[in-house]
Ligand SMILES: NC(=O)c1ccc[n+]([C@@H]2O[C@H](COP(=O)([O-])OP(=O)(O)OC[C@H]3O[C@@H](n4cnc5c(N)ncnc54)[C@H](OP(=O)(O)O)[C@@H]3O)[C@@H](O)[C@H]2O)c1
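Given next, in structure tokens, is a single chain: the form predicted alone.
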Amino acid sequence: MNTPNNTIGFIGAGNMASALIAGLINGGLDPKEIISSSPEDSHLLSLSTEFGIKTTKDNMEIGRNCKTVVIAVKPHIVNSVLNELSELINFEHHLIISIAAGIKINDIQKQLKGDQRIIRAMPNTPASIGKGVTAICANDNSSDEDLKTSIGIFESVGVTCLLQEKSLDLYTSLIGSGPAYIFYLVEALMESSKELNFEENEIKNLLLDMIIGSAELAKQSSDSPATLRKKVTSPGGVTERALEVFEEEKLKSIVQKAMKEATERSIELGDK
């Protein structure tokens, strides 16, 4: 793990913080360079036992000892955390990285004193197994080194992309929430497979292997998804009939409408 600011503090010790801590340590960062704070004894005990990192109930200890501070709490707790740290956090000594959903960079800046270096990131849940996709956006105060630091953190649990903050709501609806759509598709396919008389776990694994294989084929192939689809679709065949039903039911329009509605909801939640 190569980060210019080696001391990383996590305020919050939930699932995503745990995934990032695991990724950083697996990537070679010394556990002694990581601190996590939380009011929950069970969370802190789990992190210290599993990873050997330092833990504390005092958020101010994170601010005093860490150059990189990751805000990994629920959105409704962010304001109280920032208010607590506002007298301590400063431009020279701290990079703030927030993974709190819906909290804009400007909202964070308003809670802090002066011009602060702030990165906003949105990882998705496959980060928990090192297969995440994270969007990263930075404010004007952030340096190239700050971006390098944040990219290093999130690439420890998957891949990253740089976005302008105005695009983050659409990203959220497409990719941040994307795993739920895949799980929903698997649910639907499992419900359609009951007459196969497979055990539930067996059909689930078969369907997931099909999805993994198809995704890997699409990733490795130079063909577009549309071309790959056509290669599977024989005229008058089984696949064609299923796709005809999708078209008759306007599945693409449904997906596009769902993404539009989800993006608007992301904007609404951010405004609140």
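Throughout, we count residues from 1 along the sequence that is shown. If you're wondering where the values come from, they're calculated on a predicted model, not measured in any experiment.
Omitted from view is the form predicted in complex with this ligand, to which the following refers.
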- request: Spell out, yes or no, whether the shortest heavy atom distance between Lys204 and this ligand in the predicted complex is within 4.5 Å.
  value: no
message: Does any part of Gly9 reach within 4.5 Å of this ligand in the predicted complex? Heavy atoms only, please.
response: no
message: Is Lys67 near this ligand? Define near as a heavy atom within 4.5 Å, in the predicted complex.
response: no
- prompt: Is there any non-hydrogen atom of Lys74 lying within 4.5 Å of this ligand in the predicted complex?
  reply: yes
field: Check all three, Ile89, Gly114 and Asn139, heavy atom within 4.5 Å of this ligand in the predicted complex
entry: no
message: So this ligand isn't shown here. In the predicted complex, which residue out of Ile118, Met122, Leu85, Ile151 has a non-hydrogen atom within 4.5 Å of it?
response: Met122
statement: With the partner omitted here, the residue among Gly213, Gly28, Pro225, Pro39 that in the predicted complex has a heavy atom within 4.5 Å of this ligand is Pro39
query: Taking the partner as it appears in the predicted complex, which of 139-147, 156-164, 182-190, 96-104 has residues with heavy atoms within 4.5 Å of this ligand?
result: 96-104
statement: When this ligand is considered in the predicted complex, the residues of 12-32 having a heavy atom within 4.5 Å of it are Gly12, Ala13, Gly14, Asn15, Met16, Ala17
